[in-house]
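Single chain ahead, written as C-alpha cells, the form predicted alone.
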Amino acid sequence: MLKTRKARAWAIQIGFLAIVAFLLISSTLVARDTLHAQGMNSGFGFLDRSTGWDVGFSLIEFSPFDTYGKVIVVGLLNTIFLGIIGIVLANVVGLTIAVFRTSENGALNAIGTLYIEIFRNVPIILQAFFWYAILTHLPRPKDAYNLGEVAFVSARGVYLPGLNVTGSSALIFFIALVLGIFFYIWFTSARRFRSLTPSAKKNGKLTIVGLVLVIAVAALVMGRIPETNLFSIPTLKGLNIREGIRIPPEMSALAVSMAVYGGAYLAEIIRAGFLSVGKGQAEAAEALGLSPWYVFTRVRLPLAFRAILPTLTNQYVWLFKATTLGIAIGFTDFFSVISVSINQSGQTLELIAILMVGFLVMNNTISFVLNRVNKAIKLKGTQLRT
C-alpha cells in the first residue's frame, strides 16, 4: 500500500495532521478542565453579556449597554478603516518620494533621500507618540484652525464635513465604494475581459459604476437620520465645534505615522520598480510623441507596478498589522478592544483566539486579493518579466 512515493508522502502528511489535531484537542481539553477546577467558565457565551464600558471612537452606534460581541465588531471595523486609510496614504507618500528619488533634479533627489534616511530609521511607535503629542497640543476648539469654514483642526481632533446617516449605512456606503473600485480595476485590467468588444467593455464599466451608485445612494437615503439634513457641516458654536465628523487625535496620529513610516519603505520598493523599467521603453513612448505625464502613467508606472506587486503585498500586510499600535495611544482598535475585554471578562483564551483568527482572516484577505491581481497581470509563458 505504501510502496509508491506518492502514497508514502500522503501517509506522512496525514500522520502529521493527526498528531497536530491530537495535540490541539488534548491542550483544549486540559485547559478546559483546569479552568473548571478554578471556577472559571469557558466558552463564548460571554459575547452576549453587556460590557458596561464605552469606546472612544466607533464607526457604528455603541453604548455601554451593548455586548462584548458588538464591541469586538467595533474594534474590528476601526482596524479595517484605519488600515485602509494608512495604506492609501502610505502609497501616496511612497509614490511621491520614489519620484523624487528617481528625479534628475538634484534638490528633489536630496529631499527624497533625506526623508527616507530620517523616517525609515525611527521606530513607528516613537513616530506615533510624536504625532500624537503634536496633535494634542493644537489650539482648543474655540481657537481651532479654520479651513474655509468647512473643516477645523484642534486639540480635540479634526472636524470634517459628514453625512447625517446611521453608522451601518455609512459602512455600507464605504464598502460599496471600495468594492466598486476593486471590480472596476479588475474588469479593466484582467486578461479574461480583453477579448470583449469596445462596446461590451464600455457597457461593463457603466454597469459597475451604476450598481455602485445605486447601492451607495440607497444606503445614504435609507440611513438618513430623521429630521436632519443629509449633509453635516462642522460649525463653531460657543466653546465647542458642533456637527460634522470628528476624527480623534489618536486615529489621526496613527494614520500619519503609518503614512510617514510606511511611505519611506514603499518609496524604496517603488523606486526599485522604476529602475527595473528599461530606458528603451520610455524612450520609445517619448518617440511616439507622448507627453512626460503619459509616459509616466502609461508606461513607467504600470510596468513598475507589475514588477513590485509581490513585494508590495508583503509590505501591505506588515503595515496593516501596525494598526495594533493603537493601544499605545488609546485608539479603539481590534487589539485594544480585545485587551480591555480580557481585563473585564477574564475570558483570555477565547478572546486571544478571536484576535488571532481576526488578523489571520484580514491579512490573508489582503494577500489573496493582491495575489489574484498579480496573477492577472503577470506575463505568461517565457516572456521576460519587466
Partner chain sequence: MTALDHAEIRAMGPSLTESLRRRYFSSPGNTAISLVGGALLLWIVWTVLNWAVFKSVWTTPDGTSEVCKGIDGACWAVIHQRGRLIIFGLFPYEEQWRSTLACVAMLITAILSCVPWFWNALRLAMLWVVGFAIFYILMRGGFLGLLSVRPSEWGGLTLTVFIYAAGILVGMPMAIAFALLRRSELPVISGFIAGLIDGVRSLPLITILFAAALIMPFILPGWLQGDKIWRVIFGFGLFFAAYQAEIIRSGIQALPVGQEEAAKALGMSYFHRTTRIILPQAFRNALPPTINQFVITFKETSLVVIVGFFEVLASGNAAYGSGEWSFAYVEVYVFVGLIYYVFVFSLSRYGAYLERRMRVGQH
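Bear in mind that the values here come from a model prediction, so they are computed numbers and not experimental data. Numbering follows the first chain given and starts at 1.
Keep in mind that the form predicted in complex with its partner chain is missing from the display, and what follows is about it.
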item	value
All of 114, 130 and 359 within 4.5 Å of its partner chain in the model of the complex, heavy atom check	yes
Candidate from 185, 230, 122, 218 lying within 4.5 Å of its partner chain in the model of the complex - any heavy atom	122
Interface residue in the model of the complex among 265, 296, 173, 81, criterion: non-hydrogen atom within 4.5 angstroms of its partner chain	265
Distance check, residue 16 to its partner chain in the model of the complex, heavy atom within 4.5 Å	yes
Residue contact check: residue 109 to its partner chain in the model of the complex, 4.5 Å heavy atom	yes
Proximity of residue 57 to its partner chain in the model of the complex, heavy atoms at 4.5 Å	no
4.5 Å heavy atom contact, residue 47 and its partner chain in the model of the complex	no
Its partner chain in the model of the complex - contacting residues of 339 to 365, heavy atom within 4.5 Å	339, 342, 348, 349, 352, 355, 356, 359, 360, 363, 364
